[in-house]
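Before any questions on binding or motion, here is one chain by itself as C-alpha cells, the form predicted alone.
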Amino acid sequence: MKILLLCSGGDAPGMNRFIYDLYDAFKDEVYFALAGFNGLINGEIYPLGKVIKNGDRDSAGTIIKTSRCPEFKQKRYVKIGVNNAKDFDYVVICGGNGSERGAKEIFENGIKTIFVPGTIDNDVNDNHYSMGFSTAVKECVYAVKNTMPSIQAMTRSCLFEVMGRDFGAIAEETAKQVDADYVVQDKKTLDYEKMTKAILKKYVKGQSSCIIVRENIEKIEKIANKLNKMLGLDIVRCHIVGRTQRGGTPTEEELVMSDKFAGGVVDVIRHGRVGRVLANKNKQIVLKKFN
C-alpha cells in the first residue's frame, strides 16, 4: 500500500503529532507532498521516513511544510495533481476549508481521499473542532493576560486583534476565557457606540477595558483611532497577537485531538473506506462523505 500525505493552507499546532502518528501506523508506506498542493503539482513527493527524524512530534508547525496554492482552483493544475496522486492508494489531506475543496476535487477524480480539518480558524463546514484551535486560543489568552497589567497600570484600554480569517471562533472563545468587555467577531458587532460605553463604564471607575477583535474586519489602528476620537481621550491602545497563535506549544487537548484524527484515518484506510474524517460535537471522530 502507498499513502500520500500533505498539509495545505496555514499551519496549525497538532499537525506534527498527526503526521508522526500516521508514520507510526504505516511506516514506509507513507509519502508526503512537499508544501501541500504545490508539491503535488510539481511532483515533489518523497518518503515520509526521510524527514520524520528531523522534527519534534509535539512541536507546532509541520515537518512536511505547507503553503497556499491558488493554482489548484484551475482545472489544468487539478489534472496534474490528480495524475501524480494516481500512484497512491490513499491521499490524506490536512487543512482548512480551501484545502477541503481541493480534497474534494481529487476525490471526484477517482482517488481515495481523506480530508482532515487542520486550521486554527476552526472554520471547516460540518465540523466542530479543527487541529490548532485550542492552541491558538491558548496563545491569545496568554497575550491578553500578559498585556493587560501594563494597560491597567496606566488606566488605558486595549484592543486585541486575533486571527480567524472570516470566522469568529477564536475571538469568541478568547473573549470568554479572559472575560473581555466586548468582542468584535464580524462587521455586525463592530459597534462603536457599544465599545465606547464599555470603555467609559470602566474608565470612570479607574479601570481598564479589554476588547477582542477578529482580524479582517477593519484595521485595528483605525478602530482605536475612531474610539479615541469618540471618547475625546487618548486611552485606547491596540495589540496584534499575530503568528504566535500558530507557533505555540500544542495544548494537551490539541495532542489528544490530533491522536484521534490520526486514529480515524488509520481506521478508514485499514477498512478500505473513503470519505472525510471529522470531529463531532462531543469531539469524537466521525466519517462523512464529501458534500
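All values reported here derive from a predicted model rather than from experimental measurement. Residue indices: 1-based, along the sequence shown.
Keep in mind that the form predicted in complex with a small molecule is not shown, yet the notes after this line are about it.
Within 4.5 Å of some heavy atom of the small molecule in the predicted bound form lies at least one heavy atom of residue 72. By the criterion of a heavy atom within 4.5 Å, residue 215 is excluded from the residues contacting the small molecule in the predicted bound form. Taking non-hydrogen atoms only, residue 156 never approaches the small molecule to within 4.5 angstroms in the predicted bound form. The closest non-hydrogen atom of residue 134 lies beyond 4.5 Å of the small molecule in the predicted bound form. The contact with the small molecule in the predicted bound form, taken as any heavy atom within 4.5 Å, belongs to 101 out of 176, 101, 86, 202. Looking at the small molecule in the predicted bound form, residues 117, 253 and 288 place no heavy atom within 4.5 Å of it. Considering the small molecule in the predicted bound form, the lone stretch of 61-69, 254-262, 25-33, 234-242 in range is 61-69 [heavy atom distance within 4.5 Å].
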